[in-house]
Every structure is written in structure tokens, then in C-alpha cells.
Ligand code: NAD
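Shown next as C-alpha cells: one chain only, the form predicted on its own.
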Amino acid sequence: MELKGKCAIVTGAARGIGRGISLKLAEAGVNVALVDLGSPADPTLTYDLAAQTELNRTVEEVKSRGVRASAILADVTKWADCQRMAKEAEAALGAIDILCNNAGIIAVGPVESFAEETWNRLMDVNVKGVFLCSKACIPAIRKRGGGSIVNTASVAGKTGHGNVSAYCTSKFAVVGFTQSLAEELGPDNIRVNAVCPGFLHTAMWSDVLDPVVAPGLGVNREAAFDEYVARNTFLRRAQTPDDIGDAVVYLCRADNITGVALNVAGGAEMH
């Protein structure tokens, strides 16, 4: 698919991977509706989500690439918000050709003491959000004669690990949903793929995972990420939001690829 002039929605777009995806799509000539919650505080999480100011700043960065961009505040766990998101994006950009379901959260802890409320919140954002946004946008993409849906899964959706059971479960679900929806929408020329990021030093890592992995590595929190990457990737280097953005652009362009879950992890995951 030629991307120049196409129109995309990216959820969880304010910072981190979502920002990287949005900027790489813009560099390819895609107009982008950037969606985020705009509310940092979540009582079920131990870290802050992105603020509206971060979303607005990323929108301006996207516009600086010479494309149209719009900020949309929406909660991907609410059907009414997802319907409004699709309508506002179509009104602002003129169409929807691409949907990037990137919004996601993380929480860690052993199953025995993991709060049911936190489990439910992860499933709502990471799984239900992908379902609702896809459901809301499919009619608009179908009207265009086809397009691309790219879901952000994770290497944690390929191999499970202790103390991140909720996150792993949610990302396994995203991979399964991707495969099912790819078969369902194939006749409509809508390709559905997932990208599986490896290790990026975003807020999820710095605020949540660094303190968890540091003791097992025998290092302090500040050294934990680099040490983990060095021990667990073939290429001995971390991934970046730009890396994930490049993969998403590739999947959006690749006309004969659907149903795949593409690892971008420096060799850390091979399944």
C-alpha cells in the first residue's frame, strides 16, 4: 500500500512507542489522528500515564513532518469513546486507512497476591481496547477498499514469564485476536498484523520493570535495563520507538502480509 496521503489512527500516541509510530507514519506521508487518555493518574497502576500536554506536543511534532495531525482524547475501554474517536478522526483527516492499536499498560507481581482489580484493568486496556477500537474503525477502513490494522503486542505475548502473568496473558490475547481478525477481514482487503516490541526504556521499564529485575541481575536499578538487554538480546542493544515505528510502517506497506506477529527484539524472541 502506498502510504503517502493515507490516514491513520494511533492509540496511546502521546509518548514512547505510540509517539515513535506516529512520527514514522508521518515521515512516510501519512496523516495521523493521535489518541490518548490524557489523564496520568490511574489508581490501579504504580506509574503515571501520559498527560495531555505530552499528546499535544507529539501532535506538533507530527505536523512538523508536513502532514495533517489531530489530537483526540478517548478511553479505549469505552465503546462510546471508540465510536467518537473513529468519527472525529474521519472528520479531521477525511478517511481512515490505518489503525494502530498501541494503547497499553503494565503491572507486575505474583499471581497469589495480584489484585483482581488490576488484572481486570490490564485486560480492559490491553485486550478489550484493541477489540473496541477495531470494531469502531473497521467500517471506515472497509469503505476505502481495504487498509491495515497493526496491533502492538509484545515479546511477552510469545513467551510467558513469572511475575508478569497479567501482562503476558493480555499480549498473548492480542496475538490471537490479530490472527483471527486477519482471517475475518482478509476478503475485505484489510490486513491485520501485530508488532511485538522487545526491550525499550519507556515508562513501563523505568518505572515498573527496572526495580523488579534489578535484584535478580545483581545490579542497582539504574543499571538494570542495560544489563538485562546485554544478557537477553543477540544484538546486545535495546530497541527504540523508532525501531517499532519502522516495523509498523513496513507492515502497513506490505500488501501480501497478514496475520503475523513480528518480533522487533534484537533476537531476544524467535517464536
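Residue positions are given as counts along the sequence shown, with the first one as 1. These figures come from a predicted structure and were not determined experimentally.
Below, we turn to the form predicted in complex with nicotinamide-adenine-dinucleotide (NAD), even though it does not appear here.
Comparing 49-57, 215-223, 24-32, 228-236 against nicotinamide-adenine-dinucleotide (NAD) in the predicted complex, the single stretch with non-hydrogen atoms within 4.5 angstroms of it is 49-57. Note on the partner interface in the predicted complex: the residue among 125, 141, 89, 150 having a heavy atom within 4.5 angstroms of nicotinamide-adenine-dinucleotide (NAD) is 125. Proximity of residue 17 to nicotinamide-adenine-dinucleotide (NAD) in the predicted complex falls within the 4.5 Å heavy atom cutoff. Shown alone here, residue 199 lies within 4.5 Å of nicotinamide-adenine-dinucleotide (NAD) in the predicted complex, counting heavy atoms only. By the criterion of a heavy atom within 4.5 Å, residue 193 is excluded from the residues contacting nicotinamide-adenine-dinucleotide (NAD) in the predicted complex. Looking at residue 178, you'd find every heavy atom of it more than 4.5 angstroms from nicotinamide-adenine-dinucleotide (NAD) in the predicted complex. At a distance of at most 4.5 angstroms from nicotinamide-adenine-dinucleotide (NAD) in the predicted complex, none of the three residues 158, 246 and 269 contributes a non-hydrogen atom. Residues are counted as partner-facing when one of their heavy atoms sits within 4.5 Å of nicotinamide-adenine-dinucleotide (NAD) in the predicted complex; in 105-138 these are 105, 121, 125, in sequence order.
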